[in-house]
Structure formats: C-alpha cells, structure tokens
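Only one chain is shown below, in structure tokens, and it's the form predicted alone.
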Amino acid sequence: MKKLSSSAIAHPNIALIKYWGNKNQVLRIPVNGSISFNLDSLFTKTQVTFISELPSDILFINGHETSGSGLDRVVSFLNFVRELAGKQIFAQVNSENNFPVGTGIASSASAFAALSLAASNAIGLNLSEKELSCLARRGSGSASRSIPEGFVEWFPGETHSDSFAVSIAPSTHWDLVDLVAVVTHEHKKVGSTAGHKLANTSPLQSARVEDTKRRLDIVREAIKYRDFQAMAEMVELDSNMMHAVMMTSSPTLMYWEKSSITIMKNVQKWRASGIPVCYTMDAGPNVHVITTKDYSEEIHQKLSSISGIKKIFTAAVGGKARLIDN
C-alpha cells in the first residue's frame, strides 16, 4: 500500500477591511482587496494521507467522518491538487479545530490554508507562498490570507495567478489582540460561500466596493505607523458597510443578534473614554473586539460583564501556515 502523508497547521484571520462578493465565483476572485491579521491561539490542524488503495476521498473533522456538502467541497479542492500534481490518488483527510466552526470565526480560512499546505506537500508539490495562497483561495477566498504571516493584504487580481495574499507586516510588528466574543455556537444558516453570491443583489454593494481603495489605504498606513484611532474608525465603518450590504441583499442576510449590538455599542463607548478598542464582525453573529496587549485584560473583564456572551477567545497576531510532524 503506497502512502503519501503530510500535516500542517494554519490560523484563521480577522479581516480589518472585508472581502464580500466575487467577480469570478468559480475561482473565488474577489471584487475588492482586503487586509487582515492571523489569530495565533486559534488554529486548524490537518493531516492529508494519499493512499493508492483508497476508492474515494475520506474526510474526518474533529474525529467524526463527514459526508455531504462538507466532503464535496474538500473533494473538489483535492481535485485541483491532483490536477496540479498530475496524479490520480485519493486521500484521507483528518482535520481538527480548537474553535467553533461556521459561526463567523473564519474556520474555512484556516481549514483550507492547512489543507492546501498539507495536501500539496503530501502529493509532492513544492509550491511557493504565492502559489499556496492562490491554491487556498480556490477552497475559501479568505484562506488565501491565512497562508502568509501576521498582517496580510490580499490583492484581488483578475486571474487565478494574480489573486493572492502577501504579508505586509510580521506578527511582531504590533501587539494587537483580538477578543472574539462568542454569542452563539450555532452553525450559521447561510455560509459565506452562498452569501458572496448575493452581494450584487444589494443596491449598496457598488458604493461599498467603490470606496474600498480609500479604506485599504488608510488601514494599511495605520498598521505601518501603529495608529490605532485611524485603524479603529475605518475597521468599524468597513464592518458596518459589509453588514449593510448583507442586510439589503435579496434574500436578506441578518447575522446580528441582540448581544452583538450590545457589544458594538459598548465598544464605541469604551473607545470614547480613551481606551484603544474597536469592533468588527465577519459573516456571523460573533463580535471580534480588537485592542492592544496592554488593555486586553481590561477589555476581557468588561466583555465578561455583558450578558449573552457564551465564551471569549483571546488571540494575538499569528504566524503563517506551516508544516508540522505527522
């Protein structure tokens, strides 16, 4: 029995300037660029083993065999890898997350980043970081941002080979901390892949996209000079704009919960009092509350006093996707 095996670990990321909507749904080429940072204490660990005798691909997530749409998505992705390698051999994939899946904490980003690295290495491909970012994008757009280290910018591009992400600052550049306030563990009813397809049904999407370059420029400079106030204002604006598009899409996507709104209002009140803190939300009800290391404990205590928060994950800026021992 011939076996080819590799394991990798990757972190989810939180987008400061969001990706929402594709100009090419198949290749997941976005309508606008985005900026994010990786979350170091949250991760997906994935082992891919190609086995010559397997009749089809097998997927285990957190120890449970998975079928249906989850398996279909992984099989489609592995088909890209097999095509790149020129090999027709099926795989067993074992994937584990240490955070909730499908709740707006970018589980697909870390999952497909880890899968990209593990699968390509196992089958014998030696891909550059840019090539890995392009490959990861085929599984999940935001996965392209979980390949490089630290603070990351994803260039939208026009083709498969020019839509990729790069590191714009290392993880040590700025001691930001993301406190993820989990208000529900429920799997969201409409995932990001389906949501991206609805973006153009909103009359607000074109205005959001048109203004993205300005927001990207401001946040890129804010990261460079560690200017929290400039970053905070743009990050909250960008999050609100994306959710406004979601709420005005057809059908409507309403991810906010009562607790989500309470957290956002409190964060703005805390910042007005002089604390460096801001909020952002991905496609889900959970709120990412971003601050600096010096204030992270104080913000954690403040969040803990808000009813409706089920758990708080704390993550500093994380590194790149990397291979680990099987």
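Here the structure is a predicted model, which means the values were calculated and not measured. Numbering starts at 1 and follows the sequence shown.
A second form of this protein, the form predicted in complex with a small molecule, is not displayed here; the remarks below concern that form.
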Testing 54-62, 262-270, 276-284, 37-45 against the small molecule in the predicted complex with a 4.5 Å heavy atom criterion leaves exactly one stretch, namely 276-284
Among 200, 94, 193, 240, just one has a heavy atom within 4.5 Å of the small molecule in the predicted complex, namely 193
- residue 212, heavy atom within 4.5 angstroms of the small molecule in the predicted complex: no
Report task. Look up in the predicted complex whether residue 10 has a non-hydrogen atom within 4.5 angstroms of the small molecule, and give yes or no. Result -> no
Fill in: the small molecule contact at residue 160 in the predicted complex, heavy atom, 4.5 Å
no
Q) Though only this chain appears here, would residue 148 touch the small molecule in the predicted complex if you measure heavy atom gaps against 4.5 Å? A) no
